[in-house]
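Only one chain is given next, in structure tokens, and it is the form predicted on its own.
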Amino acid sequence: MKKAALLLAGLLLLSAAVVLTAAPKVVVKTMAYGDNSNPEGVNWLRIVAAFEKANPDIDIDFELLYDEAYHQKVVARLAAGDAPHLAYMGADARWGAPWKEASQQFDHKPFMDSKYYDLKLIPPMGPKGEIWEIPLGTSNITTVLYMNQKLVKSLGFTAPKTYQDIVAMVPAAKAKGLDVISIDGADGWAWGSCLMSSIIARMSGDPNWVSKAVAGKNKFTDKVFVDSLDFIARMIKDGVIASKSVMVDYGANLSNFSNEKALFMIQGQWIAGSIENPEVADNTVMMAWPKLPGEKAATAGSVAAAISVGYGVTKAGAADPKVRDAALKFLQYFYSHEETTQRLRDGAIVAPVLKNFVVPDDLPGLVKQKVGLAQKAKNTEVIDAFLSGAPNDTLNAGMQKIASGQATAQQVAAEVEALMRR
């Protein structure tokens, strides 16, 4: 009995010692984006559960919020000094500014496995090339020129290599009652995000011209910007875009292209999956704008693209190496090939940022085209990722006025510059 009691006591002491010496879980306090009913939230819950099961020593302690509730909570937590270790964030004014103002941006670049991530597909986000978050995918291309290849060929033309090639299509298109290029000109943002963002980058040769102008290093009254604005008037005069386009909204623009009323359509990459006519979709080519008159070689063939949002470790999270490494391990799991492929299939991203990613054969043709365009085209800035408020609103409305002949490029540029420097 005595031996049995001593043995039991020894076992209890050994068990207690094991409990006392077991390493505690590494807790990663996280602000996640989504809710229990949308894809972002549902996928987040599933991925976290799977990760924690595979890594029982890590606890992803998250708060899941969506839309304005998320942004409001970010501001509130940062103001209270309660910075999370990991959060959904970006690099622009809406998704990145709160973290920048709170000095919570952390450079991931030195810690990213270059054999896992294709760093060439992730644009620099800071002045020294820092990467503040790992984007869900390549940048969101806003300046796609969609071409109905079959319709263009039916008029005796091929894919344009220059702007003049598009102008050459005007007489034949008009004879058939077709628009050459359709744009939802009733939506002011479309002129800026989907057209002008590409033009100013091409004309200036500087992919960062807009952010430099916002910072005061360039002026919106500079000749290159005025000339870029004036290109809208030239397109109207050449018949490439119709002046009536200022009355066309988003849905009508898509309908015009889907119903073969236009050879080309201006919009962002996101509209590719909305082309309803299967025959048109199968014959659509997604392309960067062809060579523009006066464009610089440094930005030839470029597309304007906004850096994608994603998840990033904060300075608070990076302060403890164990928390930092646990968060980075989770992110690599979150950005796995399987999960990235699903986002690509769902249309949630343009293209993956994973190294040597092989596009599945069963993906729709336009999805494959998006991946190809994102991987090969040089990215330049999207205007409204940097210009906001009254200056941006005035620019968008001003481009509509230029298209309808109610204002000149010089007048619009002067008004934007004046508002910017107030």
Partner chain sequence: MKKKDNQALAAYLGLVIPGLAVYLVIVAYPILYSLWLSLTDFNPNRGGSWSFVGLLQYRTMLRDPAFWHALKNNLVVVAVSVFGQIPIGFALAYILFRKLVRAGIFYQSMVFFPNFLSTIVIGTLWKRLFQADGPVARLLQLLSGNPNAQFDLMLRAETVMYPIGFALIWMYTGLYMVVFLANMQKLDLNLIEAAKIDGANEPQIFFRLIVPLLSGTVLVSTTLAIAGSLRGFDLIFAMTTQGLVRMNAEVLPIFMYRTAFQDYSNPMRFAYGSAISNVIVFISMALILLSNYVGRKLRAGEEH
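Numbering follows the first chain given and starts at 1. Because the structure is a prediction, the values reported are computed rather than measured.
Beyond what is shown, the protein has a form predicted together with its partner chain; the following relates to that form.
At a distance of at most 4.5 angstroms from its partner chain in the predicted complex, all three residues Trp189, Lys401 and Gln406 contribute at least one non-hydrogen atom. Ala390 belongs to the set of residues with a heavy atom inside 4.5 Å of its partner chain in the predicted complex. For Gln72, a non-hydrogen atom is located within 4.5 Å of its partner chain in the predicted complex, even though that partner is not displayed. Under a 4.5 angstroms non-hydrogen atom cutoff, its partner chain in the predicted complex has Glu101 among its neighbouring residues. Within 4.5 Å of any heavy atom of its partner chain in the predicted complex lies no heavy atom of Gln369.
Stretch-level contact analysis of 136-144, 233-241, 92-100, 113-121 against its partner chain in the predicted complex, using heavy atoms and a 4.5 Å limit, identifies 92-100.
A single residue from the set Leu195, Val246, Val350, Ile166 has any heavy atom within 4.5 angstroms of its partner chain in the predicted complex; that residue is Val246.
This chain is displayed alone, yet in the predicted complex one of Asn55, Gln375, Thr394, Asn379 has a heavy atom within 4.5 Å of its partner chain; that residue is Thr394. Contacts between stretch 58-95 and its partner chain, counted in the predicted complex as any heavy atom lying within 4.5 Å, involve Glu68, Gln72, Val75, Ala76, Leu78, Ala79, listed in sequence order.
Compared with the form shown here, the Cα atoms of Lys217 and Gln105 sit 3 Å or more farther apart in the predicted complex. Cα-Cα spacing of Ala390 to Glu68 is reduced in the predicted complex versus the present form (difference of at least 3 Å).
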